[in-house]
Ligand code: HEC
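There is one chain below, alone, in structure tokens, taken in the form predicted alone.
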Amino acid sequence: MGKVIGKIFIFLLATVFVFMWVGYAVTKMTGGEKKAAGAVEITPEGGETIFWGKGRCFTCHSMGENGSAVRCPNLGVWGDKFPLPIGKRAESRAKERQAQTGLPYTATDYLTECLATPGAYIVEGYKNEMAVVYAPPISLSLHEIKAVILYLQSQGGEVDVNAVNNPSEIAKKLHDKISAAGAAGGGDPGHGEEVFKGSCVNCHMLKGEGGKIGPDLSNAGNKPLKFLSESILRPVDAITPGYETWVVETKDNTKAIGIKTKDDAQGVEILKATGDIVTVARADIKELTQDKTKSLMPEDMIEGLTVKDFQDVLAFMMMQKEKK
């Protein structure tokens, strides 16, 4: 009996060994074990990992003789067209941006802008087709983008960790843009602005321009993310004081529905969703009530937005913070 058990034990060990060997062989054949990537450090080495990995930068950019992508500019030294690597090239590009905008650009500002707003400076001979790296599907965080900037600086330029971690006013605005995008689930504030202009500006004021039917959104970014989200998804649950929906019914049975902009001894004024103002004398009012189940914001507006539109306009709203 003991011999039988011993043989069975040896057989099981051999079987386990065979399975382990097969697993090891398959792993070697497929390129080795893939370990989960941890968070990179804000260093040139961390940025290199992102550039050639998660960031997928190499699908459009080569770095000198490394890579074969030609869709976007080579970021290393490459023939007569690119005699300087990007770290050194950024210094002259910063001077160009300063001349174009009148703002005090540094090389770090230029590199930050390239990643945050790639359409701001287009290299001659190339199209504005760089992906928004902080939006899906790439979705780089601000932390990862800082690392990439240091890697780009290391290509012939001065690695300035302090400038990356303590940004100038120009770079700070770009950092805020990236952070807002991340907080909104990866939205693109640039496209969010287009959505806003197409769907919201007729009713909402923003920096002195727009309608007055809804609240002024110039300081929307100071509101919690949840409030902004609910304001779009379920506007009746997040009504700003002063923008409640009122119904005034006159003695001849006509009704006016909208925001109450005036209420005194002489009567009331109602601002309708159309932008028209209806004035009703106090003596003509049959009933004046607040409708807590309605908002002047169109209930079907969210149906006209894609998930991307929603994330993008939310990211744009989170950036709206007026200076005090």
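Residues carry their position along the shown sequence, with the first being 1. Just so it is clear, the model here is predicted, and its values are computed rather than measured.
The following text describes the form predicted in complex with the ligand, which does not appear among the structures shown.
Colleague: In the model of the complex, does Ser62 come within 4.5 Å of the ligand, counting heavy atoms only?
Modeller: Taking the distances in the model of the complex, the answer for Ser62 is no, it never comes within 4.5 Å of the ligand.
Colleague: So, in the model of the complex, is Ser231 in contact with the ligand at a 4.5 angstroms heavy atom limit?
Modeller: Yes, contact at 4.5 Å.
Colleague: Evaluate Glu129 for contact with the ligand in the model of the complex, applying a 4.5 angstroms cut-off between non-hydrogen atoms, and reply yes or no.
Modeller: Judged by the heavy-atom cut-off of 4.5 Å, Glu129 is in contact with the ligand in the model of the complex.
Colleague: Would Gly214 sit within 4.5 Å of the ligand in the model of the complex, counting heavy atoms only?
Modeller: So Gly214 counts as contacting the ligand.
Colleague: Could you spot which one of Ser141, Ser199, Ser168, Gln155 gets a heavy atom to within 4.5 Å of the ligand in the model of the complex?
Modeller: Going through each option in turn, the one that passes is Ser199.
Colleague: Between the options Val248, Ala107, Val164, Leu115, which residue brings a heavy atom to within 4.5 Å of the ligand in the model of the complex?
Modeller: Of the listed residues, the single hit is Leu115.
Colleague: What stretch, of 174-182, 81-89, 248-256, 98-106, brings heavy atoms to within 4.5 Å of the ligand in the model of the complex?
Modeller: So the stretch in question is 81-89.
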